[in-house]
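Quick setup: the structure tokens below cover two forms of a single protein chain, split into structure 1 and structure 2.
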Structure 1
Amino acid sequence: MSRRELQIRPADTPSEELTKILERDGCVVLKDFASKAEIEAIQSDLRPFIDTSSQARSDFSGLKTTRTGALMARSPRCRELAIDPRILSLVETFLAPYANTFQLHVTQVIRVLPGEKVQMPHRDRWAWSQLQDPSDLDPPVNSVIAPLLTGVETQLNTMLALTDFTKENGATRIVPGSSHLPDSAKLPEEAYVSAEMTTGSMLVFTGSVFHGAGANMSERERIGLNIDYSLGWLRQEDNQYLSCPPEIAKDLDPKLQALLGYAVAEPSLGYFTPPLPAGEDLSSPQRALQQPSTPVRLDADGRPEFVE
């Protein structure tokens, strides 16, 4: 396929116009989405959590990458960002053919450290297609499930640049126009565009477009704030976490705990982050059963604190 440019638009571009770009390219950059002051405020909410997040430990998640979760519990500024009208309007317009309610799918800071290698190219909708491990297996995903999602946009993703994103420091690599290729597509290096953007700009991309984090060949960290929205119906009918919360589920048979949802559906569905203490990111749900956490509440500034 020939290389297509990554489109850049002002952050207040109407969602109908952005939706047309997303349908064609699967991605677009919203320039200067957040001001310098807003980025500094987000950084001040998140820095203690980012600094204590340990490095991921898989080829896919990265060996020199940290991932920091629970952003809605931890950061008043991230809560505002998640319901920013510009994004909610775009989510509702772009995903309208597939659902009439939406939910947060991922809230995560992805920090790519110096020396990190390039991430395996993937589609985020493969979260529901049992992405295979090792990642060079062919096909890369379950060949029964993955085709069922062809033609369904499962989600819309945002990556707000908390630092500049450059080709050198690991800006997301993306292939505009790749949404309709088969899952087994082998994309030539020339098809990838580095989503270079200045701090405060935002990459918006679909669950169908091929992408991955770039290698960080610089001396500095690259930090992106990733908030993804998915179709409201991609969940259990009976909300088992409320109907059978951890305090009760912890004493049940492990097979039943897993059926309730206290287990990860491979490769990644269902992990969680205890909001406190800092540094316990992306845990398996069984952890909520093994170590009942100390109750947490929000203080007057909206930040989580332990209840004495």
Structure 2
Amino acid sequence: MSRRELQIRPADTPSEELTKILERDGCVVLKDFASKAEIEAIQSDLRPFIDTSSQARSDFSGLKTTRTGALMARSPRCRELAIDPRILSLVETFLAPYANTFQLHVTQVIRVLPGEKVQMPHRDRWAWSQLQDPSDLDPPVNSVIAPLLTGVETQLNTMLALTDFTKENGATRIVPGSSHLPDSAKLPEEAYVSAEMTTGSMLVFTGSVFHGAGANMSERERIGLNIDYSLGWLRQEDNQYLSCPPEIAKDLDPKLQALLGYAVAEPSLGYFTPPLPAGEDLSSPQRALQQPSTPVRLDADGRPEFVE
């Protein structure tokens, strides 16, 4: 496969134009998506959590990489970013052929530290096809389940640069145009492009494009804010109900509540029946945001009861 240029567009480019690029290339960079002040505010929200995040414990995740989650619970600025009209318009336009509802799939900050090596090339949609323990095994996905996703775009991902992304500090390596290749494709090194971006720019990429973090050969950390969206009928990778539980979610924007999963994916996926009180069966998940704070426990016979 020959090398294809990574397209760069203004942040306000119409979603229809960006969708055409994503359908062809699987990736595009939106230049200057967030202002310097917005990046500083996000950093202020998240820095205490980033600084205390442990390094990963596998080659795939990166032995010199940290991942910080629960962004919707932790950061007011990340909440605003997750429902930015420019992104939601693109998500709805690009994923519309495959579902009628969408959801947050992953929210995390990925910090690549100096000395980190190149990540294994992969497709993010492999999350639903049983990615094996990171290794050199071939193929890296379940050979029965993975083909079921062929032709379905399961997700749309964003990576906002909280620091400059350069080839030297581990900018995401991506292969424009690889979305249509088989899972077993062996891509030559020259097909990869480093998604170099200035702080505040954003890489948007699909779940089917081959990519991976680059090696950090610099003396500085590379930090990206990763927010992904997936089809409403798929299991979320990041368990949003636990990462952002009802006691926090109840005070959020209704658009964000729905993206977290506190809504039914029509016609009936994700309905909710509170254990108590009786008579509220088959409710919308939004009911969980309206429940009283009185906790419930199991009595001696194993039935739920309110705790006085």
Ligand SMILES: O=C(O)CCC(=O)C(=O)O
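Here, rigid core means the biggest group of C-alpha atoms that superpose within 1.5 Å across both forms. Because the structure is a prediction, the values reported are computed rather than measured. For numbering, take structure 1's sequence and count from 1.
Could you let me know which number goes with the form predicted alone? Answer to the question: structure 2 is the form predicted alone, whereas structure 1 comes from elsewhere.
Give the turn angle of the smaller rigid part between the two structures in degrees. So the smaller rigid part is rotated by 179 degrees.
Can you give the CA shift of residue 241 between the two structures, in Å, with the two forms fit on their core? Taking the core as reference, the C-alpha of residue 241 is shifted 6.9 Å.
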